[in-house]
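Read the single chain below, which is given as structure tokens and is the form predicted alone.
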């Protein structure tokens, strides 16, 4: 992270104003396309996505998320077809945003656009050095109570970025090593849920990281996802209270989630899977509402 000095007085309004509903940031897929290959899902899919179908699928997701939360929009920018995956823009908590420093040059052009949006919206923005790649909420997920931050390390986020997050928020950081290139971000294979459980694909992690997950979550809190559901991006889920929104999953996993009291909404997101993303990749969680100027 940069040596940016936080102005606590500036962040105070965020600490005192709590949203009545969860808030998410989304980006319309107007300029979405698979223009390059920076993860295994993109291979063979360059320019293979239908923008018309992508717009329809994104709109269905937008409607589903809007039914349970407030959604704010950032405008897509030319030359940044992956801006639609707003989860990668940064990580926000209490009005402070740790802005992503993308590993791949293909996405680094998104950074100034997201920085500008967050600044205009009243957030305190802290930059991440290029030498310590960090890809935001794609690789960093808070536990249900907010006291612990799970952060991925692997293809896109460097372990060296993890410690700096504790200087922004008083949290325990648990590093999780991703070993399967198909699951290049933590949110593709790991999802803390609001009932205190976790939805995850164990094979995406090193043995040491699986042990760390098992030490944090009791056996009855662990919802283990099969490879079939993992490759459907079942863990890439949007969870608000007792509602879970995700791509199409197997009936057995749906039954398992419903048996725990969740209302499951499936939204077909096949056009975005071609770029290696699904429901969670397409939204960024904001703990405080934006105040656009």
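What you are looking at is a predicted structure, and each value in this text was computed from that prediction instead of being measured. Positions refer to the first chain, counted from 1.
Quick note: we don't show the form predicted in complex with a small molecule, though the next part is all about it.
Peer 1: Going by a heavy atom distance of 4.5 Å, is residue 162 a contact of the small molecule in the predicted bound form?
Peer 2: Judged by the heavy-atom cut-off of 4.5 Å, residue 162 is well away from the small molecule in the predicted bound form.
Peer 1: Is the gap between residue 55 and the small molecule in the predicted bound form 4.5 Å or less for some heavy atom pair?
Peer 2: Taking the distances in the predicted bound form, the answer for residue 55 is no, it never comes within 4.5 Å of the small molecule.
Peer 1: May I ask you to state whether residue 157 is within 4.5 Å of the small molecule in the predicted bound form, using heavy atom distances?
Peer 2: Heavy-atom contact with the small molecule at 4.5 Å: absent for residue 157.
Peer 1: Is there any non-hydrogen atom of residue 107 lying within 4.5 Å of the small molecule in the predicted bound form?
Peer 2: Contact check for residue 107: yes, within 4.5 Å of the small molecule in the predicted bound form.
Peer 1: Among the candidate residues 88, 80, 101, 209, which is the single one with a non-hydrogen atom no more than 4.5 Å from the small molecule in the predicted bound form?
Peer 2: If I apply the 4.5 Å criterion carefully, the residue I get is 88.
Peer 1: Just to confirm, with a 4.5 Å cut-off on non-hydrogen atoms, which of 240, 31, 64, 42 contacts the small molecule in the predicted bound form?
Peer 2: Exactly one residue meets the criterion: 42.
Peer 1: Any idea which of 123-131, 184-192, 162-170, 68-76 reaches within 4.5 Å of the small molecule in the predicted bound form, heavy atoms considered?
Peer 2: Only one stretch qualifies here: 184-192.
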